[in-house]
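We begin with a single chain expressed as structure tokens, specifically the form predicted alone.
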């Protein structure tokens, strides 16, 4: 008997309340007793989750027109610059943009405050035109007064990411947190067997148009993310051992929850933002059942030395060791710390599981698959 299932068949079971929905951690434990063929028959949907810093994030905002109207060219939100070169009253606010007068506050904080319903000071200037004569405006906005706030993140949900260590003799302040000298700590930022793209490493069920959990609301995969690189080395299970595929995602910020979107500041580095993403993986066949059965000890990642130019690979480890709190490197035992939240990742996977079981969220087949033969270019420094 074939274990293949279509998206429609799985959705019909969801509508009828008969779908078996488990989190990726639950299926990983199940795989200790059941074969992939048995899991494929038993399980319909597997939910994943990650809550981690995702710098390449931001929002499009349409403020609405004033009377007389203005074509906003220079835009400040709580003194954080937003990009106004889109249209008269549209702007894009990047999460990592810092305020004009402080380095520990930026776009991520404004986004979180907007989501929380707080008032934001808007200041904009213009050269003035016949159709947009106003040259400056200063007012207060919030998520109820503006027309749209669209969370659009060009690069989220990395498919694996390297561990960071520091061989130098000084403390380094990085987007991977503080790295102490002489390999005194190691930081990482992936939720292992719960991580969305590690449960479908060939991206068979995830593509353009895929419905996802995005910061507490329903969002969508809009495109492949920037720095999308599927030519990275893979282990024997076909899982990339370093940062490979990424997703560009979109959703309505007004519908989201501040429980799953948090601003952050890294000392001597800058502003970032934590984004919560969960993706349902439909168990359409035995191969997908095998993929979602992966366990932390089977997921490898490289260790990179941030104390050396170019951050070279100096070793490998797995997510069981990372989550247990220590890794071994060159005979030395190094304490680990996660930049992502396993508590939140589990909460996201459970929330998405409950949405599906209650028929509040159905899976959908991608309208287009993501590319699977891509690599990256490096910026070349040239003189004229």
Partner chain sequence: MKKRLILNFTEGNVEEPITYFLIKNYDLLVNILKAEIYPEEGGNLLMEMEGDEKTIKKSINYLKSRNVEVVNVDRKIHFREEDCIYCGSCTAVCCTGSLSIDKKTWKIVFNKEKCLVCGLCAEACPLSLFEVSFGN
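Everything numeric in this text was worked out from a predicted model, so none of it was measured. Residue numbers count along the first chain shown, from 1.
The form predicted together with its partner chain exists for this protein as well; it is not shown, and the discussion that follows is about that form.
- Remark: residue 324 counts among the residues lining its partner chain in the predicted complex, judged by a heavy atom distance of 4.5 Å or less.
- Contact annotation: residue 184 falls within 4.5 Å of its partner chain in the predicted complex, judged by heavy atom distances.
- By the criterion of a heavy atom within 4.5 Å, residue 152 is excluded from the residues contacting its partner chain in the predicted complex.
- At the 4.5 Å threshold, heavy atoms of residue 161 stay clear of its partner chain in the predicted complex, well away from it.
- A heavy atom within 4.5 Å of its partner chain in the predicted complex is found for exactly one of 222, 141, 178, 86: 178.
- Residue 340 is the only one of 340, 318, 31, 56 with a heavy atom lying within 4.5 Å of its partner chain in the predicted complex.
- Picking from 213-221, 116-124, 265-273, 133-141 the stretch near its partner chain in the predicted complex, with a 4.5 Å limit on heavy atoms, gives 265-273.
- Site residues 41, 355 and 358 are none of them in contact with its partner chain in the predicted complex, judged by any heavy atom within 4.5 Å.
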